[in-house]
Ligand SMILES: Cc1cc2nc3c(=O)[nH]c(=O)nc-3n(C[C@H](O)[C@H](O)[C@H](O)COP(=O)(O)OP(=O)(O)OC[C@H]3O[C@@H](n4cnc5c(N)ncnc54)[C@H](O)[C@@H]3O)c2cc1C
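Next comes just one chain, in structure tokens: the form predicted alone.
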């Protein structure tokens, strides 16, 4: 029985473990540096059809409908006056019981955890070194683990990736910050995207309890400091700034507000050892403007599983092609959403009105990603 070590108990690592658990022919462990997983996080994620199809392979369709939401549209608004620009019907990409889904990230983590025996996850596992020239050996403070395959899924700041590739220059600050928050009791059934000068924010339901996710991406070239006092001042200044630039009454609605700098991948990196697989953000982290982060974590884990099974032997080649498509769309969205020149913003809005109803554009821009074609 082949031994597999998974580094990181996030979406990517837990989903991969679910696939192994169903298969039953692998001896695996998940090494997680944290002492536990936070299942009280109320922040949301979006999962397009490409991710739902793969999650349904591990029983996701059995999750209570109460705990998820199925938006039909993405509605585009002007942030300053909240006037509707246009909308895209994303339900047109749903297929055979697989629906575009929004939910709390913690709900997905809890679902994935329930399928994994507790003894498979080793918490407080801080990796000290990885021997990978020939045989794979992962060394923690109190134990060494031999493996036939190593799955590195410990996020964008992956220390394991640094040990393997002997570098730390994998990510860059994207000159932006993200504001996250939760909301309650709104009258919104779809994904609402508000466009402003050098910022955008998104609101969407995460379940059937009138709970909502809020995320704003704001341009800021000087927010990359790891200092709590600085972060608090940054949080206060950016929330006040957002409040002042939109007629949407956010000030009395946002709860659990947090802020973090946005980092993305510099490049696409491949380990020399063919039995090492990078997945999720450890492989590549996208700009947060196309809502594919969680979906790509799931996709990359499934393709890794297929590779280990011998179904597909071109993991990194296939991932490179897929990542290029998604990253280019993410960067374009980021540019278009944040246009500040009023004339150019008007042209953008007219373009959105036209393209949101253009089947050829939607099939190329969205269907190829959402349906993984």
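The shown structure was predicted, so the numbers you read here are calculated from the model rather than taken from an experiment. Positions refer to the first chain, counted from 1.
Same protein, other form: the form predicted in complex with the ligand, not shown, and the subject of what follows.
- Just one of 45, 55, 323, 49 comes within 4.5 Å of the ligand in the model of the complex, counting any heavy atom, and that one is 45.
- A single residue from the set 171, 235, 254, 215 has any heavy atom within 4.5 angstroms of the ligand in the model of the complex; that residue is 215.
- Residue contact check for residue 125: one or more of its heavy atoms lie within 4.5 Å of the ligand in the model of the complex.
- The closest non-hydrogen atom of residue 31 lies within 4.5 Å of the ligand in the model of the complex.
- Residue 230 falls outside the set of residues with a heavy atom inside 4.5 Å of the ligand in the model of the complex.
- With a 4.5 Å cutoff on heavy atoms, residue 204 counts as touching the ligand in the model of the complex.
- Contact annotation for the candidate site: 9, 105 and 159 all lie close to the ligand in the model of the complex (heavy atom within 4.5 Å).
- The chain is drawn here without the ligand; in the model of the complex, the stretch among 265-273, 84-92, 281-289, 141-149 whose residues come within 4.5 Å of it by any heavy atom is 281-289.
- In sequence order, 178, 180, 204 are the residues of 175-204 having a heavy atom within 4.5 Å of the ligand in the model of the complex; the partner itself is omitted from this view.
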